[in-house]
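Starting off, we have a lone chain in the form predicted on its own, written out as structure tokens.
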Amino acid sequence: MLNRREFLTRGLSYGSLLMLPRVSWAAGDKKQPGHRTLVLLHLRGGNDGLNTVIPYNDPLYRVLRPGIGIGENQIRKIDKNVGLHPAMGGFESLWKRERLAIVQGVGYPLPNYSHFRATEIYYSGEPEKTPSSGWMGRALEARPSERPLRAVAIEKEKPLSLASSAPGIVSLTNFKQFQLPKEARESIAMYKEFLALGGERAAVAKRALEAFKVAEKIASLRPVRGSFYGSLGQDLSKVLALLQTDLDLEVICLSLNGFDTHANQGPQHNGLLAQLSNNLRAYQDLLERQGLGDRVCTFVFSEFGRRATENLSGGTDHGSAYPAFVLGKGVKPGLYGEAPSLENLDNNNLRYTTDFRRIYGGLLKGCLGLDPKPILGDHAPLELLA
């Protein structure tokens, strides 16, 4: 007779199955009714917030950006003070449909301008510490579950944001990565035999068979067709495929590269914001047509913004505060937080007005039904979701 260690090792040691989540023995089998899947989209490189959500009514904007500033007649005005970049027609549409919340002046005390460290801070949710876990990883630990799959990153490697002792967290770039090798059939047969034995072996076998079933389900998925383009469109088509299944995921992570616009920012930033805005509008439209609008919330963030002043290369250098976006059918739309002052700068950097952990707290509370304080500390959550 196999002991438990030999049983698990023999049954879960084949090829792509190494990517499967570990068997969990925790209580709480299902995501709570009414909770949403949280989709996290990282704009890698540091998005220039001042040319994304533009304070067109502030004369200092033109003073700080005489070359790369956006002409007032091009700006998509959403209120009497601010407007969106002209390439963001998709976000303007979401704004008019009350599917978009914009949080201004996002940052934290003593900002870091290194891509690596700033990303580490946003992924861990702990600016004051050397990270040992991710903010979403801690959220998954806070509500244990026996489900074999809880979180997916559309990345080559799992991001720090999902670092956790919780099982059920994987990364993928291609659904076929989860195709079971032929040898796995022997393990499946073995597990089915052990189901009849009862006791701990049967419990382990039940969880292992659930994991195999999830792997087969993912391997059978195909990206959803839609009005998508570019690398973000490809990834969103995979996100939609995952959301259409009955996997009941709690979080999905993905990213869009290219926002480190030190030189010749205009055309590069224009293309990136168009890709972001148009793809997310198409994605939100499909979610709602498929009856999934109430079950998904999407958060768009960057590791930092750019400096208020343009540089001599027609670009912007690493900065601090920037606007973040929350979109979905259940979002309380509108502008949140105070726009950073263009007069009271910190070495040409915008001073933050909204701690990013307040957004995280609102998402944990509104999407996952969790108390954010044990996960993030004492930061009053923004009430972003109905």
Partner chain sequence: MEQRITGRAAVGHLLRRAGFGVSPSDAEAYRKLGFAGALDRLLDEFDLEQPKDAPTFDAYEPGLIQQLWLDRMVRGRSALSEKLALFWHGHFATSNRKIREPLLMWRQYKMLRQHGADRFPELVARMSRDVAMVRWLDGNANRKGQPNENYARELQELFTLGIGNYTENDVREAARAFTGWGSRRHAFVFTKAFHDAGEKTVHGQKGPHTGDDIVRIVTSLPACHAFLARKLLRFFSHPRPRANEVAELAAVLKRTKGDIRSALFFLFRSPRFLGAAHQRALVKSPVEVIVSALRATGGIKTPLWAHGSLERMGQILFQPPSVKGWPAGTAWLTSAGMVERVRVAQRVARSFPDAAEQIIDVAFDNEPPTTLAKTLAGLEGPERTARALASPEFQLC
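Positions refer to the first chain, counted from 1. The term rigid core refers to the most C-alpha atoms you can superpose between the two forms while keeping them within 1.5 Å. Note that the structure is a prediction, hence the values are computed from the model and not measured.
Just so you know, the form predicted in complex with the partner chain exists too; it's not on screen, but the next bit is about it.
Here the chain stands alone, but in the predicted complex its contact with the partner chain, taken as any heavy atom within 4.5 Å, falls in 188-196 among 188-196, 237-245, 309-317, 73-81. Although the partner is absent here, Leu162 lies well away from the partner chain in the predicted complex, with no heavy atom inside 4.5 Å. The closest non-hydrogen atom of Asn257 lies beyond 4.5 Å of the partner chain in the predicted complex. Residue contact check for Pro181: one or more of its heavy atoms lie within 4.5 Å of the partner chain in the predicted complex. Taking non-hydrogen atoms only, Arg295 never approaches the partner chain to within 4.5 angstroms in the predicted complex.
With the partner omitted from this view, the residue of Leu221, Ala282, Leu249, Val204 that lies near the partner chain in the predicted complex is Val204 [heavy atom within 4.5 Å]. Comment: the partner chain is not present in this chain, but in the predicted complex one of Leu287, Ala211, Leu276, Ile121 has a heavy atom within 4.5 Å of it, namely Ala211. Taken together, Asn344, Thr353 and Ile375 are entirely out of contact with the partner chain in the predicted complex: none brings a heavy atom within 4.5 Å.
Shown here without the partner chain, the chain has Lys129, Thr130, Pro131, Ser132, Lys156 in 126-156 lying with a heavy atom within 4.5 Å of that partner in the predicted complex.
Put the two forms on the same core and the Cα of Ile169 is off by less than 2 Å between this form and the one not shown.
Comparing the forms between this form and the one not shown on their rigid core, the Cα displacement of His115 stays under 2 Å.
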